[in-house]
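Next up: a single chain in structure tokens, the form predicted on its own.
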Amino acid sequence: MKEMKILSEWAYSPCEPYRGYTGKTLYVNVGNLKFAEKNVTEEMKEKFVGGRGFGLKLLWDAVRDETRWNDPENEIVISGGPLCGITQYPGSGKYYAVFISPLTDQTYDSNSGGHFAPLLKFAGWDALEIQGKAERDVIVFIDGDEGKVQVLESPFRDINAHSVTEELHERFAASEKDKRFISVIATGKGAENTYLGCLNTSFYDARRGIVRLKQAGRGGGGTVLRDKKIAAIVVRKHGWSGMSNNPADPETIQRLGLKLHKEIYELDDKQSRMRRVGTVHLNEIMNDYHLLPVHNYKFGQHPEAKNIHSTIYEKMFTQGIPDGCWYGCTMACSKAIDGFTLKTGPWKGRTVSIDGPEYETCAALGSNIGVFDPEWTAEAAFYADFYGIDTISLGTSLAFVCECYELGYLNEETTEGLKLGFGKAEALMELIHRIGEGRGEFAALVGKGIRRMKAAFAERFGAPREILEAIGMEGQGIEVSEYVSKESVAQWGGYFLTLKGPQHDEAWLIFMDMVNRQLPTFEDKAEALHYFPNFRLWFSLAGLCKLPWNDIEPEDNLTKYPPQEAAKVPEHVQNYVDLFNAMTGKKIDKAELILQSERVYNFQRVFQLRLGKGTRKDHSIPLRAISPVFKDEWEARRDYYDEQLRSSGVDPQGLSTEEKIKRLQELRLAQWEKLVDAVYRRRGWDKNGIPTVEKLEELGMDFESVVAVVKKHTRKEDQWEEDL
């Protein structure tokens, strides 16, 4: 690779972390080529903690109320957190990227593993804030060894993530072994052509001798990166260790880590088999419980699901290699298929290593589009990363397209020659390549996501808007992740009463609600939809992966605690409290942990309000998410749904299937409104879904600018009731 021209350079004196923080954040403007160092105040640590919290605070200060995703002042803010970078406790390498999303037009945060966040911190920075738009493709290089930041002219004509990350590791490393001290964030051509762009984050896998990728997939962060004409962000840092965070109490961190390592080694094979198959252990479980999305979430089971059973993937994944994406993670869930020869696309005939696929990808680019071929799904997963496209939004968008084609709303003419439909593997793979490479108007439209497809299919092709709204599985503009939520009222909230749209990082309550029947009342559901979103958010503040929390549990967890308490995995919650205290020297308890999250949760809700979102109308839900829409959905589980009607006081005898569906939808829409009211009450929000000033005061988040947004958008109670 030719030498890269330096467009701008800035020197700094790296600050070593102390008790998890360096106390500094880095600002880079790729438009005017300016740099700045900002201080992290004690108030910022107290109120925003780190990671996603820091990202939201910095973004809030950077944008206007009118800022949209492709405005120069929109930022990508990348931050780990005080626990990010330790090597003693599994899952400690996460960063959280915060930005205004092209899909949702509001704030979004997406997380990734890999080595970037720890190396960024050890290079001296608690967060990286990138603003502006470059005139030409650039690379941002943070050199923690030399104490300098450069904006370099990019030499790349092909910006696919695999080529870019491999070449940059080669360029900035002195030797093969040296590559582990470098990490790269890149995306791909598909991020330019779609709103579905992901951020690929690299780590050097010394055991395989290759550079591998993890993804901050959701929300379109890769699209924002390419809109700024950034080809890659690179960080380099040598000379760190597992204690480089300089914790207050290293012995406690070591003890807690050893405790969890022991649980993983002894229990993982009996519980989740993460070290053998990663998250695809869920494939057959979801199918067994009618939770696997099939044919655009119409069904939750399929007889061909046996072809994507975890035992199939176990044979495909390379075994016997510790697959952690950051040092010390014995969960080792970052599986890979090595020696895979591609059958299609620009790299046809090449032998590659494929990241995963994870459960979500197996469902999105598998069962949900009616393809039950694990090799096809693996290739689709590779090319999604190659083009820089989120697999979940891609798969859910393709599922919507398949159903629209089979309903007759699309045809070969409108799809530009593609015979689409569920199970049409060859045509679907061709569409993926067209989307990634930017070929054709139809592919470009699919790449804008379901919300925009619904409008276009109605306006251009005459499709009935009411049906499109019923079957288009999106909320707030983001595509639904890969679980069937129809039969769990609590999970309706876990998807569609979220801060940024339906993905399962806030609450996965299906088993508690639907299987174990632990949330019988709306108040019970509301309590769960308060606790779990806040607890899960806390990982994004600390810089941690959620999987070690409940994908492995102490052996006596279910017998030691009542069922609702056991779902929290109390011993592991206490681990996180103790970890945080051992790192920072603070003395929080479990209640304070939730309070830390609740502050940021409410701040982000107000941020959405500031950008013109964040009210009850934005918490809409498609009918497919709560009920059958078409006759074949009902008939697939006729006895079950008939009983659902009976238990609600409706006799199905003598009713046509269409009448049954309508009755059930009416019942469940009424339940939805009751759920919304109960959740808003528990969260301390008004009936329009806006945090009250009293709630902000209670949380200590009553900053003048935050209260001003709430007061501007809060209407009198009688006005809201009149609208209802």
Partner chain sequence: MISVNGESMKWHPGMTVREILDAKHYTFPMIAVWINGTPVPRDRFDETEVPDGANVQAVHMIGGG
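Note that the coordinates shown come from a computational prediction; the quantities given were computed from them, not determined experimentally. Positions refer to the first chain, counted from 1.
In what follows, reference is made to the form predicted in complex with the partner chain, a form of this protein that is not presented.
- At a distance of at most 4.5 angstroms from the partner chain in the predicted bound form, none of the three residues 6, 165 and 170 contributes a non-hydrogen atom.
- You can rule out all but one of 317-325, 386-394, 544-552, 151-159: in the predicted bound form, only 544-552 has residues with a heavy atom within 4.5 Å of the partner chain.
- Within this chain, residue 653 is remote from the site of the partner chain in the predicted bound form, having no heavy atom within 4.5 Å.
- Using a 4.5 angstroms limit between non-hydrogen atoms, residue 243 is distant from the partner chain in the predicted bound form.
- Residue contact with the partner chain in the predicted bound form: residue 563 places a heavy atom within 4.5 Å of it.
- Under a 4.5 angstroms non-hydrogen atom cutoff, the partner chain in the predicted bound form lacks residue 175 among its neighbouring residues.
- A heavy atom within 4.5 Å of the partner chain in the predicted bound form is found for one listed residue only; from 638, 229, 536, 350, this is 536.
- Checking 236, 504, 454, 212 against the partner chain in the predicted bound form, a heavy atom within 4.5 Å turns up for just one residue: 504.
- Within 4.5 angstroms of the partner chain in the predicted bound form, the stretch 247-275 places a non-hydrogen atom from each of 270, 271, 272, taken in sequence order.
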